[in-house]
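A single chain, nothing else alongside it, follows as C-alpha cells in the form predicted on its own.
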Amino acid sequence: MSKPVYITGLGLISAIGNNVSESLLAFEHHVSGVAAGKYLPTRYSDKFPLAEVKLSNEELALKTGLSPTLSRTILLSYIAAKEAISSFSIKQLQEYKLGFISANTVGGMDKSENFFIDYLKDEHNGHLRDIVNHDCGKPTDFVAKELGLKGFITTISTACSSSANAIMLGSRMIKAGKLDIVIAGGVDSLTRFTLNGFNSLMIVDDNQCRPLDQTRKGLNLGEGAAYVVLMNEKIAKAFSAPIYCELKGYCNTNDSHHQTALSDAGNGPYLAMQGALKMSNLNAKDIDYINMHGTGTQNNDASEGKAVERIFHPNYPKLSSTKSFTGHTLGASGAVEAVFSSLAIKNGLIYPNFNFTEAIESLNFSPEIKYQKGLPIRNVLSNSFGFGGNCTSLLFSKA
C-alpha cells in the first residue's frame, strides 16, 4: 500500500488577502480581488481590470525585510513560503531530508522590463541588479537562501500547471523515500509581457471575469504565491504537525492538441482527472467538490466542462472557479487552489463563483454561487491546465 503524504502547512498571498485567513474572509464576504490596475505600469491600466496583490513593492519589502529593488516575484514568494513554514523552525526542518520546489513562469521579468526601457535609450543606462534575477530559477534560489532552506532545491515552469506539478513532484519524492519534507508551490507576478501576450490571444476580459458562464468573455490576470508543506506520516507524527488533509492522488497528462488551446472533447483534462481518481482508488461519486481550472475563456470552460461531464454525468459534485476572486495567477494558480482545496477539506468549505448569471448551454451543470461552511467534504479535485496541453489534477482527501 502506498505511504500517505500529508499537508501540514499552508501559505498564501493573493489579490484577496495577504495571508490564508484574509483570503478566507474574502470568500465569506464575497469580495473579489479584481479591480482597476494600480501597480503594473501598462497602457492598458484603464482597459483591463487586474487581480493585483494590494501592496506596492515598497510595502511588500517592509513586510519581508527585503529590498524593494528585488523582483516582485521574489517578494511574493518569500511571504507565502514563510507563512507555510511558520509552525516549524528551520533548524527542525533541516534535521530531515528537505526539499523546496517552487514554480513560476515570469521569473524576474518585471524588473527586466524596466531595465530595457532605459537600456534601449542608452546602453550605458539601467541597473544590472534589475536583470540578475530574470531567470525562473532565481526566485526559487533566492527565497530558499533567505529562509535558510537547504537540500533539494528546484524550479518547475510548465505554464499554468506549474505549481500543481511542483506539488505533485514533491509528493513523488516523498513517496520514493528521496525526501521527508517538501515545501512546494509557486509564484507569479504581473508583467506587461504577460498581459500583452494574453491580450494578443484575445482572451482577456475587459470586465470582471465570469468563469463557467455562458456570457464569459475571457480571463482576468492575477498574481500571487502559495505553498504547502508536504510530509510523510512518520515525520508528521514526529512534528505533531496540524494535518489539513492527505494528497491522495495526482496525474499529469498532455492532450497534444494545440499550443494554447485544449481539445473540444477535453481529452487532457479528462485523462488527468481519471488518473488522479485511479491513483487514489476513488470513484467519481466520492468527489465532493471540484475546484475547476475555470479561467473564463471560451475554450477552457467548454473543454473542462466536457471532461467533467464525461466523468461525473449525471451526478455532479459541487464545483466552482475561485479564479473569479483571485484572477488567473498563472504559474501560482495550482498552488493557490491547492491551499483552497486543503482548507475546503479541513473546514468543510465550498467556494462560490463571484460572478455567475447563466449556465453554459452545452453543459448540464452550473457552479456554486454561495460560500458554504461546515459541510462533510472528504475528497476534492483541483484542476490546473497550461499552454501546450499540460494538464494536472490533484486529489485531496480527509486524513
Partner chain sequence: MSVYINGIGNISAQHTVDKCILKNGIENISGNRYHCIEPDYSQFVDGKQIRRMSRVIKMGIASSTLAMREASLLSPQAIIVGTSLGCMEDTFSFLSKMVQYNEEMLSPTAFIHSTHNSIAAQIALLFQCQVYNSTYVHRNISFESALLDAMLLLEEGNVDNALIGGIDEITNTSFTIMNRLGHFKESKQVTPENFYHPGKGSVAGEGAAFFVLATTQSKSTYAKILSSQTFSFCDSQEIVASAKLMLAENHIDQLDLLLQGNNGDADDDAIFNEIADSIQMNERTLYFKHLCGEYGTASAFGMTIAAELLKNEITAKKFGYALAEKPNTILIYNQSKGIHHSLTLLAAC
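Numbering follows the first chain given and starts at 1. Owing to the predicted nature of the structure, the values given are computational and were not obtained by experimental measurement.
Keep in mind the form predicted together with its partner chain is missing from the figure; the text below concerns it.
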{"query": "Proximity to its partner chain in the model of the complex, single hit among 274, 232, 280, 267 (heavy atom within 4.5 Å)", "finding": "267"}
{"query": "Interface residue in the model of the complex among 82, 237, 217, 192, criterion: non-hydrogen atom within 4.5 angstroms of its partner chain", "finding": "192"}
{"query": "Partner contact for residue 257 in the model of the complex: its partner chain, 4.5 angstroms, heavy atom", "finding": "yes"}
{"query": "Non-hydrogen atom contact residue 242 with its partner chain in the model of the complex at 4.5 angstroms", "finding": "no"}
{"query": "Heavy atom of residue 109 within 4.5 Å of its partner chain in the model of the complex", "finding": "yes"}
{"query": "Partner proximity in the model of the complex: residue 371 to its partner chain, non-hydrogen atom cutoff 4.5 Å", "finding": "no"}
{"query": "Listed range touching its partner chain, judged in the model of the complex by heavy atoms within 4.5 Å, from 290-298, 319-327, 222-230, 135-143", "finding": "135-143"}
{"query": "Neighbours of its partner chain in the model of the complex among 137-157 [non-hydrogen atom within 4.5 angstroms]", "finding": "137, 138, 140, 141, 144, 145, 149, 150, 151, 152, 153, 154, 155, 156, 157"}
